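Heads up, the chain below is alone and in the form predicted alone; it's given as structure tokens.
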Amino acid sequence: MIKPVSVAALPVAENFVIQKNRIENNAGPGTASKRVCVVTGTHGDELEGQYVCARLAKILSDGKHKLSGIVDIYPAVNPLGIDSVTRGFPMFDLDMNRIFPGSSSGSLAEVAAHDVIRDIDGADMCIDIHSSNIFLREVPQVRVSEQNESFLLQYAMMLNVDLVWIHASATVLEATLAHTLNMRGVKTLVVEMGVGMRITESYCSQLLDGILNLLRELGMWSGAGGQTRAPLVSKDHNVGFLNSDAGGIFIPRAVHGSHVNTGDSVGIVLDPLTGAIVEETLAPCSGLLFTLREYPVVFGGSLLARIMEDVKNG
């Protein structure tokens, strides 16, 4: 069932509308139904989640008799951003994922954020899907803050991702959708995968299997689903960052998602004026190359790659 979440008038007789698709099959009278929300499109250049939502809606709608409870799917929390191919919220020049929980009496973006939080409030779980940006490509991963590790890690392990990155609480931005919902008691997992403005079908299929697996583990889905993998788990001190020392054109030499060894060439930076190699980026540690620069133009300090360091025994 398609339901409006937030509606507002726009110029030229148009309306701003955020919608959700509620797929529901209550377990029976007197039985408390679980509710899981799948949210994406907070950034207008993140499209991987659009494909996940489309396939999830089809599977659950066709197999509604195998579903117990409610799944709410929000494919476009920032519909104007998606329509205009803009990462932020158009007209207001802001990142929508920095204004939650919003306000019922604020700007259009603030009211939209308020309406989304109000609609999700009370759910058992939320999966917040992101797609990196146009600059970096990410392997499918769940990001969890240290303060939420105790109650989120077990669910993150069910999502069929390659990596669970547990990051310091000090880096958590309080105005994000995930932080706001977690503070309200809605267990919220943040997924990052792929690259902005593109759809990586294999990544989407991988996460889709993970969502169905999570629904099975929650006792909400009795249908089929693919096999799931156990992700690597990393903390901030296990992650090596590679930043450019020079400006130019970055050419990768390592394969994204592969294992690299200390000293391996991750890529080179070329000076397009002279053709000279001005920098060769070497892996500072051995491990999974889970982030790799996608957009080739770089400046001094630009992030080129991230490596999850191999866990050392003993």
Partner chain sequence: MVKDIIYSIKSPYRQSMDIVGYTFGSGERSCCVVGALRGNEIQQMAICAQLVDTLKRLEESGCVISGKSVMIIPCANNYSMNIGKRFWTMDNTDINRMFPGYDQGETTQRIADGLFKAIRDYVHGIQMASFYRDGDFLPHIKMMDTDYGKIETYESLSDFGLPYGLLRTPHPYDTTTLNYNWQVWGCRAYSLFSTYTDHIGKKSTQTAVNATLRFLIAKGILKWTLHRGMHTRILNEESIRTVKTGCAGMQKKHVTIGDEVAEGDILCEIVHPLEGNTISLITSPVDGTVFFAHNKQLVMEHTDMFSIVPFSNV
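The structure displayed is predicted, hence computed values, not measured ones. Residue numbers count along the first chain shown, from 1.
Below: the form predicted together with the partner chain, not depicted.
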query: Which one of 145, 107, 238, 84 is close to the partner chain in the model of the complex, taking close to mean a heavy atom within 4.5 Å?
result: 107
task: Note which of 230, 183, 168, 91 lies within 4.5 Å of the partner chain in the model of the complex, where distance is taken over heavy atoms; exactly one does.
output: 91
- request: From the candidate stretches 186 to 194, 221 to 229, 92 to 100, 205 to 213, select the single one in contact with the partner chain in the model of the complex, where contact means a heavy atom within 4.5 Å.
  value: 92 to 100
message: So in the model of the complex, is the partner chain close enough to residue 157 to count as touching (4.5 Å, heavy atoms)?
response: no
field: Touches the partner chain in the model of the complex: residue 234 (any heavy atom, 4.5 Å)
entry: no
query: Should residue 303 be classed as touching the partner chain in the model of the complex when contacts are defined as heavy atoms within 4.5 Å?
result: yes
Contact test in the model of the complex: residue 20 vs the partner chain, heavy atoms, 4.5 Å: no
query: Thinking of 5, 117 and 251 as one candidate spot, does the partner chain come within 4.5 Å of a heavy atom in every one of them in the model of the complex?
result: no
message: Only counting heavy atoms and a 4.5 Å limit, does any residue of 233 to 254 reach the partner chain in the model of the complex, and if so which ones?
response: 243, 244, 245, 247, 248, 249
